[in-house]
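To begin, one chain is listed below as structure tokens, in the form predicted alone.
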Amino acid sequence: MSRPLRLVQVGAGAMGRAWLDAIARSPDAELVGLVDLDASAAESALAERGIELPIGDDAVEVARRTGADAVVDVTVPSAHLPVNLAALRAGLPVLCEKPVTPTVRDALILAAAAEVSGKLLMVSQSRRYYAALAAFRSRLVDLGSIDLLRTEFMKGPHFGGFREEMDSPLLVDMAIHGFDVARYLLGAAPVSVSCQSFNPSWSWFRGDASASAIFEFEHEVRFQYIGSWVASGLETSWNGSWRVGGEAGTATWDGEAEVVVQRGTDEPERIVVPPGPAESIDGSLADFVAAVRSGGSPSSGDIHENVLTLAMVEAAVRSAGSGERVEIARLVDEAWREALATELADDHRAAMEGWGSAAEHLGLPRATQGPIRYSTDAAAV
């Protein structure tokens, strides 16, 4: 395909406007229509950018009217299921903002829909797309067997709105980024989690704005997450700060541009990585366009891969609420049975029943194995 990929975007809110700008920056994508239930919001977003395009309240109708090749879904999470189902049923690939749905149950329904349609459903895990993160990951090969990955996320934003009224704002709305980056770095699947969440006395959030979690990954690797959305100083990057401990050395990433690697007692090696040509959501968009054009999979994986990240979030929330260790494969299979108990299209139900087990279908381990030795060939799970 030599021409730009023609896109219809659904959602003209604050994040939708950021995506409009990302599409405008891309040499390989072209916005041909904008969809929002609030026509005035769509009109305003386009007028602010000095462009005129078809608008509507139905993504499939606007896509057909404009000859679009794909859909970008930037609606609220609760709308992702119906919007994505309709687009996939119409034969349109979809790039969807995170989280792909509020629950693992609904994400599994979308995985089945993607299989039936044969079209790509990619979730924008935009924190993966940083040149410094890629450089950090490439140096893990120097560390030998890895046993511990740790991240600290400390920010104090005053968002206002729905986030400040959520039950678990940090875990549900932000920690998904750190959990996904952990999967990218380790190239391994999560097994279980023990999590505690709490709300500091000075918090301006109604729900728990701080959390600490320890995930067990396959190969006996541990991932420790410590985060807060009410930090009152010494804030980290929005990407968090990262540390990997291995048999032969340690590596850190400050979440911005600096990577440091030290093998044993050697002098630390400090690397400053300049920004890449397409980072954050620009990177997600470029990855999606390349995958649609090639017919392959994006580097961050499709909906099936992203279910694992969403399952980490749901498991952490469940563990924080119960005080118990939660096994992720068991949670995924429970969600699969819940999905099968809902009203489904016949072909989607048949696809899901054919899995036998959602956990097995997604490649989730039920028991740990020997120590992990990182290599440059490790696939992002």
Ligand SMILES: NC(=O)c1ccc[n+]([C@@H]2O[C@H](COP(=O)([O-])OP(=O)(O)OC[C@H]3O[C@@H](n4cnc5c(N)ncnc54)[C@H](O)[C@@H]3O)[C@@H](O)[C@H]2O)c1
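Note that the structure is predicted; figures quoted are calculated from it, not measured. Note that residue numbering begins at 1 and tracks the sequence as displayed.
Although it is not shown, the form predicted in complex with the named molecule is what the next lines describe.
Undergrad: Quick one: does Pro77 come within 4.5 Å of the named molecule in the predicted complex, counting heavy atoms only?
TA: Answer yes; at least one heavy atom of Pro77 falls within 4.5 Å of the named molecule in the predicted complex.
Undergrad: Although the partner isn't part of this model, could you tell me whether Glu305 comes within 4.5 Å of the named molecule in the predicted complex, counting any heavy atom of the residue?
TA: It does not: once the named molecule is placed as it appears in the predicted complex, Glu305 has no heavy atom within 4.5 Å of it.
Undergrad: Under a 4.5 Å heavy atom criterion, is Asp69 part of the interface with the named molecule in the predicted complex?
TA: The answer is no: Asp69 has no heavy atom within 4.5 Å of the named molecule.
Undergrad: Quick one: is Leu344 in contact with the named molecule in the predicted complex, heavy atoms, 4.5 Å cut-off?
TA: Looking in the predicted complex, residue contacts with the named molecule do not include Leu344, since no heavy atom lies within 4.5 Å.
Undergrad: Would you confirm whether the three residues Ala209, Ile226 and Glu327 all fall within 4.5 Å of the named molecule in the predicted complex, going by non-hydrogen atoms?
TA: No: no residue has a heavy atom within 4.5 Å of the partner.
Undergrad: Within 4.5 Å, heavy atoms only, one stretch in 253 to 261, 144 to 152, 201 to 209, 92 to 100 touches the named molecule in the predicted complex. Which?
TA: Every other range fails; the passing one is 92 to 100.
Undergrad: Which of these residues, Asp38, Glu52, Glu48, Glu353, gets a heavy atom within 4.5 Å of the named molecule in the predicted complex?
TA: By the 4.5 Å criterion, the partner-contacting residue is Asp38.
Undergrad: Across 153 to 182, which residues bring a heavy atom to within 4.5 Å of the named molecule in the predicted complex?
TA: Result: Arg163, Asp173, His177.
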